[in-house]
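Consider the single chain below, provided in structure tokens and representing the form predicted alone.
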């Protein structure tokens, strides 16, 4: 037996344990390659990579060091007795090999793979292998099987509600925080809307980041249920909820290896909504040359797949194709996007018109889930709710129910990016703007980002500002400026 020692090392969801080279209980002389072990002593074995240590100050010969992830999953105190076994290869790895060879996997095989991911039997490398293997081809029934497996056993049930609605955007368009405005309008109407949102994954700011500027988004199931009943709307960070564990692990690896495959995206989105107890979903599919979905044909494929999987699993999906050719709104980054949202809800004259109109359109689609509304009425009802101030009132109710956030501060390091030519803005590169915003620190700091002053179709003169960079530290500011010098993301005719 070995004595457990906690080493304060984070390995990005990877379980790692550390054994001294002179350990007498377990001989490590012949360990010449990556070795996975089972750590016993807790309620269930924990699977981890084994690393060998020569420094007695880190781990002594009678200790087993555990990084943060392993220590948390063992749920044992320091000094507890633990033992090791060489971990057998998970049986589901054979199914990944079958997928690599072009085979179609069964529902049971997907369940086995997802179960091993959920129970941390897979390393990050194993998860990446699965994503790459299935990324080349997945049939519609396979996507259905993967979605069902990802939902898992832990599901929220809202027995007092006939329907629970939500909206989700496939992303790839900077700004575009219609979700918060939609939540306010739908809640004011009276339909319960549970917005399970994410922090930034591949963008400057996720919905949870933007709403965190206004309110607490770290909610548990009980608080969500109470707020949903009282305020009719909730915006919660799903990463803090005990749901779809495999989804979260897969998403983190997708970000790491840069894979974004239609079937994986649909499976993960729908699994999150189903696990949260959502019954009706509007899925926004933005299309643009520099967006995630490049063409209408691709968007139609995504729409059909989402509607098919939703139908089979009891989730009503209304998938709509929208314009994703340029950023939506003016702000890119949590504080700047929250500013745009509040301008719309306050009916300000300077509110971004594209954000306003898209929010009304999508909110109208959600309202039409109500059988009392005829088709086409949703937009007009949504507009009346917004113009009357009821949407703002509903959002304020949600903010105070979730817990009002402390005021944030916009980044004070600024630079105006000026046009080098006169003419008309012909295009704005979503990906480039997103990358510049991330380099400016927007994915880490709520006060960082870009404030867009010109949009497609606007006239511009030489020396006139196109946008303003905001950063909170000099390192991020320098990186963003260096990216701008190479390409500022704007095409001027």
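All of these numbers come straight from a predicted model, not from anything done at the bench. Positions refer to the first chain, counted from 1. In this text, the rigid core denotes the largest set of C-alpha atoms whose superposition between the two forms falls within 1.5 Å.
Beyond the structure shown, there is the form predicted in complex with a further copy of the same chain, which is absent from this document and is the topic of what follows.
In the predicted bound form, no heavy atom of residue 375 sits within 4.5 Å of a further copy of the same chain. By the criterion of a heavy atom within 4.5 Å, residue 68 is counted among the residues contacting a further copy of the same chain in the predicted bound form. For residue 128, a non-hydrogen atom is located within 4.5 Å of a further copy of the same chain in the predicted bound form, even though that partner is not displayed. In the predicted bound form, none of the heavy atoms of residue 454 sits within 4.5 Å of a heavy atom of a further copy of the same chain. The stretch from 324-332, 218-226, 413-421, 84-92 that comes within 4.5 Å of a further copy of the same chain in the predicted bound form, counting heavy atoms only, is 84-92. Exactly one listed residue, out of 404, 97, 346, 304, brings a non-hydrogen atom to within 4.5 Å of a further copy of the same chain in the predicted bound form: 97. Screening 101, 155, 297, 72 for any heavy atom within 4.5 Å of a further copy of the same chain in the predicted bound form leaves a single hit, 101. Within 4.5 Å of a further copy of the same chain in the predicted bound form, a heavy atom is found for all three of 53, 58 and 133. Within 4.5 angstroms of a further copy of the same chain in the predicted bound form, the stretch 244-264 places a non-hydrogen atom from each of 252, 253, 255, 256, 257, 258, 259, 261, taken in sequence order. Annotation: Cα of residue 88 displaced by at least 2 Å between this form and the one not shown, core superposition. Once the cores line up, the CA of residue 481 ends up less than 2 angstroms apart between this form and the one not shown. A movement of the C-alpha atom of residue 53 reaching 2 angstroms or beyond is seen between this form and the one not shown when the two forms are aligned on their rigid core.
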